[in-house]
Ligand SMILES: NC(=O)c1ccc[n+]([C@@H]2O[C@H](COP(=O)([O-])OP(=O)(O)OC[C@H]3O[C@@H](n4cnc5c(N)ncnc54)[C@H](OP(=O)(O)O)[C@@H]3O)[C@@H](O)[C@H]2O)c1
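Encoded as structure tokens, the following chain is the form predicted alone, with no partner shown.
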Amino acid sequence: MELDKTTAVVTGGGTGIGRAVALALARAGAAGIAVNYASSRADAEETVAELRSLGCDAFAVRADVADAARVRSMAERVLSAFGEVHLLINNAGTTRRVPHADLDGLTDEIWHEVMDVNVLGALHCAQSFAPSLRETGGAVVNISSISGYRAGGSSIVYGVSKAAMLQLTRNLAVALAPEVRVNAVAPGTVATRWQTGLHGEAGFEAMARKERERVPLDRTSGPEHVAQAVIGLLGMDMVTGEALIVDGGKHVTY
């Protein structure tokens, strides 16, 4: 798939991985990018300004992806602006830090909050943009996590939600075929504000330093490395229903 002159929607596109993906798309020639956000308006607008500096027609659009009605409204606005959508990057996500042994701390409220954003959010976006994606022969990339494969991560529900996203990827690959390809990227530890928010800057650096001892490539991934994987999958015309792990090879040493 050639990315030149395509239009894209990147959910959670104002910061971290989403921002890196949006910038990579613009550098690859995307003509228009809608940067979705739920609460970080200033970050989204800053990303939009960067995209415009690269010659890309971009705008920020607010929508909580867990809310199907708001996603439909977002889709209407995006399609009104661009006319069609070729690419959907389901990156919006959330978590709550709950120790795995603290089963009582994993309340129904937390469970539904994380699952609604991470799984239903991706489904809502796929549902709303599917007609246009089919018309354009487009592609979807879901941002999952290594936590979808292993019993780790910030909480049990986060891992379950990311495993569900991997299965959603496989099912959407069948449901939207043959016109639309659907793949996923599963990052390991990535140096983002998300991580420093969970662990603190010193805590994250200590964790990353210890982890690098077990990572074959001896580096901590940055958002740009995840973006490389997204761009790669978008260009693979005969690949669908697959997930690409981006963790410097750590998963092969577990």
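From a predicted model like this one, the values you see are computed outputs, not experimental measurements. All residue numbers are counted from 1 along the displayed sequence.
From this point on, the text means the form predicted together with the named molecule, which you will not see here.
Residues within 4.5 angstroms of the named molecule in the model of the complex, judged by any non-hydrogen atom, belong to 144 to 152 and to none of the other stretches in 103 to 111, 144 to 152, 79 to 87, 169 to 177. Note on the partner interface in the model of the complex: the residue among 117, 75, 157, 126 having a heavy atom within 4.5 angstroms of the named molecule is 117. This chain appears without its partner; in the model of the complex, the one residue of 227, 63, 60, 56 with a heavy atom within 4.5 Å of the named molecule is 63. Residue 48 falls outside the set of residues with a heavy atom inside 4.5 Å of the named molecule in the model of the complex.
At least one heavy atom of residue 188 is located within 4.5 Å of the named molecule in the model of the complex. Heavy atoms of residue 193 reach within 4.5 Å of the named molecule in the model of the complex, making it an interface residue.
At least one heavy atom of residue 17 is located within 4.5 Å of the named molecule in the model of the complex. Residues of 24 to 56 placing a heavy atom within 4.5 Å of the named molecule in the model of the complex, in sequence order: 36, 37, 38, 39, 40.
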